[in-house]
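Just the one chain here, laid out as structure tokens, in the form predicted alone.
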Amino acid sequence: METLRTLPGDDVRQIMWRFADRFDLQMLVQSTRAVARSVAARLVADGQRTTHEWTAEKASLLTAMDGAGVTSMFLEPKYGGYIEGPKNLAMSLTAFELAWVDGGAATCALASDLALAPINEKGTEEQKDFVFPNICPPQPGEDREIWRGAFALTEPLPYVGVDTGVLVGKVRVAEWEEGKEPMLQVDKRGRFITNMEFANFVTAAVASDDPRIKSSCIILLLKDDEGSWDPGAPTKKLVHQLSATNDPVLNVKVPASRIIGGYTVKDGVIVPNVSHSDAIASVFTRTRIPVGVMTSAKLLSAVEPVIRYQRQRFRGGEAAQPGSPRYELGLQMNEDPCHRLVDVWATGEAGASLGFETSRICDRFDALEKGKEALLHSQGISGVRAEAKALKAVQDKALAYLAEVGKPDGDAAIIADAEADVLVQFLVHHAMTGVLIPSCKLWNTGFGATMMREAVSLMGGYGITEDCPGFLGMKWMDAQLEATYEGPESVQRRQLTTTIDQPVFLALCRNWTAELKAIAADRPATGAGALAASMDLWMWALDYLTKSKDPQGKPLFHAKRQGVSFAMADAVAWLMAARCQLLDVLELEAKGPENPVVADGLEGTVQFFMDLFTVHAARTAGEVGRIVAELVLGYLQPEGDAASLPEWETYCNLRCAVEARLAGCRLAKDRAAHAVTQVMIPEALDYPQ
């Protein structure tokens, strides 16, 4: 049987992650990779991660990013950028390439984008014109300093009486002369603020400390503003040392026009047009995805050094003579290390697939969100409640649309009408992103960190040395911080508990399950059937838990009952990752023949990736089955009979359906493990150790 010949290259990835027709993104990947595997890798190899200080050597990373176009990637062409339109996929690809070598380098790039995001999403055109041209590196003939930003949110300062729900920043009116623009005094203390050491502007979240200013806002602060600008002491992080992180103390006076999104004056009160929470919600909707992708990049980057270590483990010893199995295969003579590497590889593939699929959907969602806002504004609808009411009014239309889309012969007129309706499409994409984004952040970083430990263990003691090829030990530690960035696991689970039971998402789930069953009918030897049965089981369990109570009469599925709701959130994240992984394999199978480079050996490449998916689908089925069993049975009286469960027969049938479809999953793992022993790898890593 044909199997994987070489490690997947750019041609394969461009098809799987859908940027084969995007030359701009292909160039971005190449230029970012050059920075990662030269400057960033050399900084790590030279020991720059051993200091918390921001050194001149680390600053060379910024210069390299400027030259490679990473700094200006976020900008529209009219401001000096080179990618037009949404940048979610571009940001994820950038993060992937940098995190392949070092998570701190990726964070350094992402933090700049994060500082710009509030202005990009909610800023006025005047604010964009003021800031964005200064982000782009100077052109020939220009003599100016590049603006570099930091985003200062709500990080609490422990042990000084600051509640985590309170902004550590205040804004009050400093001067307000008749007929002139108000001047505001901003007092902001931050903690764990990335890029602060070299930032010359900050977008800061602040709350009103003055009755003449309403609520809260995000406000733009410049280093040369009147007042005090103390970047603060470096944070003593154990990880991500190639990013500068400080605890700043800022106290500056700025004009009110720096309020992101502008403001209006009503009855003598400054009313920000956009509250800090509205701006943050829009920003964090997107920026969590690249963080999830970063951990997946680490897992995939571990494959090559682990294979090399396994094969060369015994070379140089007397018992391993050239030509012998011990010399050629080393540890790969045994099943266990190959199987464990397959698990690591499959997790990395699933996480990357989930991250890039979510990024692509967010690129579409950006346009829909702007269209929705323009339409509602034209109808005189504004405010959270009024918008929610307007969207609620089209929910039935969205459900009818999804019902028709899910049929083989759906009503074309209904489908066409709904696809032309901005509000319906916004609602559908909002339901998708409401689950996919937190799933990506939760699963990729959480389970990814666990599997990164597995990757390190495959290198033995070598894995936790500074000399380990691929810096795997450092990547393992970095992954733990990525699980915390932009909201730890509990924050993602909390969002999922509010989105997984929404009617539009459940309608999407039913369609996806039907698609998986159709795929399984054509490909019974894959994990598609197990994944479809797992989704059936999860949806039934959600319905059961939503309607059921424990012996004390308390509802089982409830926001406050996190032992139930958080576990169901974990389960859906597994399902989303596995589904996205399958879609990428099918895309490669369909589009691969069009690329002559990929077409040569495509059968073996697709078979290998399908085997990885089947391995992962089986693991997903196991996780979902375990979670559902614990939740459905675990709240029955211990002295009772599980068979007395009103829906016991349905439950048993669904569990049996899942397990019956696991047939062959270990054969797939054996094939994938064999491929791992056969695949060709380069003689050495393409970045320094």
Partner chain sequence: MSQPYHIVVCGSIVPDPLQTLEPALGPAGWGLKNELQLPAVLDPWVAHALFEAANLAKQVPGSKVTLVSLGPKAKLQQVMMQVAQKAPFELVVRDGPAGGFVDAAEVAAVLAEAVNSIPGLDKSRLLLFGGWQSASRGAGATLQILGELLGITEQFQGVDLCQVQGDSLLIKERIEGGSYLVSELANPPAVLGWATGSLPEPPNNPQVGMQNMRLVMPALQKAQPAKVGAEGVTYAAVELPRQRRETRVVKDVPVDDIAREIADWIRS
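Numbering follows the first chain given and starts at 1. Computed from a predicted structure; not experimentally measured.
Keep in mind that the form predicted in complex with the partner chain is missing from the display, and what follows is about it.
Could you spot which one of 209, 466, 126, 335 gets a heavy atom to within 4.5 Å of the partner chain in the predicted bound form?
Contact with the partner chain in the predicted bound form is made by 466 alone.
Name the residue from 34, 629, 663, 642 that puts a heavy atom within 4.5 Å of the partner chain in the predicted bound form.
By the 4.5 Å heavy-atom cutoff, the listed residue in contact is 34.
For the chain seen here without its partner, which of 407-415, 76-84, 469-477, 177-185 has a heavy atom within 4.5 Å of the partner chain in the predicted bound form?
Selected range: 76-84.
In the predicted bound form, is there a heavy atom of the partner chain that lies within 4.5 Å of any heavy atom of residue 670, even though the partner is absent here?
Contact check for residue 670: no, nothing within 4.5 Å of the partner chain in the predicted bound form.
Does residue 595 make contact with the partner chain in the predicted bound form, using a 4.5 Å heavy atom cut-off?
Heavy-atom contact with the partner chain at 4.5 Å: present for residue 595.
Taking 4.5 angstroms as the cut-off for heavy atoms, does residue 67 touch the partner chain in the predicted bound form?
Result yes; residue 67 sits at the interface with the partner chain in the predicted bound form.
Can you tell me whether residue 601 touches the partner chain? I mean in the predicted bound form, with a 4.5 angstroms heavy atom cut-off.
Within the cut-off, so yes.
Check each residue of 643-682 against the partner chain in the predicted bound form and list those with a heavy atom within 4.5 Å, in sequence order.
Residues within 4.5 Å: 680, 681, 682.
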